[in-house]
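The chain that follows stands alone, in the form predicted alone, written as structure tokens.
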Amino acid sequence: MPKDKPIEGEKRVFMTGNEVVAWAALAADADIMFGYPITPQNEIMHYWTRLAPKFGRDFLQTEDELSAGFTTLGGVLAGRKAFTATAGPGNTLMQEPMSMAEAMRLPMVAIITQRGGPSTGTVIYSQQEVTMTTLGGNGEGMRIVYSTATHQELFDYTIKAFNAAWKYRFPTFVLGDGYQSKMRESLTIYDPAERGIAIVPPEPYFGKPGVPGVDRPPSQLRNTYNMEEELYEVVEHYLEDYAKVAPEVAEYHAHYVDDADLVVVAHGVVARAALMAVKELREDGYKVGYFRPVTLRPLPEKELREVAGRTKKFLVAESANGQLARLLKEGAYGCTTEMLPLFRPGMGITPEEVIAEAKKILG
């Protein structure tokens, strides 16, 4: 007999990031994972297939990532809390089902473990899937994207991703990376209910009780339209909904920004190095601040603009060639703050590198 709860109370553990995601998906009451192997996300599938049968959950390996994306949507339409995980070229292939999820307001959840590009690139690490994950597909980017920095956040935000997806009905992503996937780190896993976190339940899109149009509104799900005006009306309505939920969803971390002459901006695992660097620079008397968008989509624009209005310069540190910087420039449009680059596509960034660049800027 399957056990009722995968996690009782709280437990201190030492796991890889991929193992953390599998446990978090169980804690979020995920029903089924659809997936196809690709490094560095493979172990999410492996751990899920070991754990899922113990708790009455399911798994299906499809023939490719395109199929994995569409079967995830099928699971959602049937009222199953379905999810997938992928990386790099797999993320590229999944943009079509992800666009369909945006078009039909389907609560698809995908874990993205970024690897180096372009194309196959490397199987190791990068932050080069920011643009694709936030704005990919042939739509307007009505998505929720959480960028995690630690294993604790991988656990917390995987649970939050399922809740946000089913509450707001936009496709939702946890944007990790190859470093987080493979390294081990301590964290606390927990039963969400014991922390007062209510799990948003799924519901089927079809086969609901009652007569459509009499007892309930009819289900009419479309991702194709005959007339331009028809599509325009739908997209405008979705954009209004997205704008309403954006302030509720957007998250950020900021430290030492009130008097900073320079603010280091970073996301994901690079933000760890950035925060360590800023703390050391502060101890040495430099007026340096730290800003980290946790949600890359929607971006915390209000808070970003407030920080930009107080400081002279941003140092944008990322393991890509300005993919985060482009989001920041759009979000802070009209602000006069100078944005300076510390771009290392596909490479890790150390605290020492951030410190050296900040000292060079500040003199």
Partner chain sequence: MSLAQTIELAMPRCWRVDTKPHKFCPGCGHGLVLKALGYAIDELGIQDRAVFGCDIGCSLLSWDFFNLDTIQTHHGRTTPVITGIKRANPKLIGIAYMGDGGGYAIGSQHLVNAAARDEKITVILVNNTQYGMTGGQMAPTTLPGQKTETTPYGRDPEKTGFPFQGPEMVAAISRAGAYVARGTVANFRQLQRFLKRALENQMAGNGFSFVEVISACPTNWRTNAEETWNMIEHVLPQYFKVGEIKVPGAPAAQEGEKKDG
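Heads up, when I say rigid core I mean the largest set of C-alphas that superpose within 1.5 Å between the two forms. Residue numbers count along the first chain shown, from 1. Only a predicted model underlies this, so the values are computations on that prediction, with no experimental measurement involved.
Although it is not shown, the form predicted in complex with its partner chain is what the next lines describe.
Is every one of 301, 309 and 335 within 4.5 Å of its partner chain in the model of the complex, counting heavy atoms?
Checking in the model of the complex: none of 301, 309 and 335 is within 4.5 Å of its partner chain.
Select, from the options 29-37, 301-309, 314-322, 44-52, the stretch whose residues sit within 4.5 angstroms of its partner chain in the model of the complex by heavy atom distance.
It is the stretch 29-37.
Proximity to its partner chain in the model of the complex, single hit among 74, 89, 247, 121 (heavy atom within 4.5 Å):
Spelling it out, the residue with a heavy atom inside the cut-off is 74.
Just to confirm, with a 4.5 Å cut-off on non-hydrogen atoms, which of 292, 169, 255, 80 contacts its partner chain in the model of the complex?
None of the others qualify; the residue that does is 80.
Would residue 104 count as a contact of its partner chain in the model of the complex, using a 4.5 angstroms cut-off between non-hydrogen atoms?
The answer is yes: residue 104 has a heavy atom within 4.5 Å of its partner chain.
Any chance residue 96 has a heavy atom within 4.5 Å of its partner chain in the model of the complex?
Output for residue 96 is yes: heavy atoms within 4.5 Å of its partner chain.
Wondering, does residue 152 line up within 4.5 Å of its partner chain in the model of the complex on heavy atoms?
Outside the cut-off, so no.
With the cut-off set at 4.5 Å between non-hydrogen atoms, does residue 198 touch its partner chain in the model of the complex?
Judged by the heavy-atom cut-off of 4.5 Å, residue 198 is well away from its partner chain in the model of the complex.
Those residues of 60-87 which, in the model of the complex, come within 4.5 Å of its partner chain by heavy atom
Read in sequence order, the residues that approach its partner chain (within 4.5 Å, in the model of the complex) are 60, 61, 62, 63, 64, 66, 67, 70, 71, 74, 75, 77, 78, 80.
Determine, after fitting the two forms on their core, whether residue 216 shows a C-alpha shift of 2 Å or more between the shown form and the other one.
Yes, the C-alpha position differs by at least 2 Å between the shown form and the other one.
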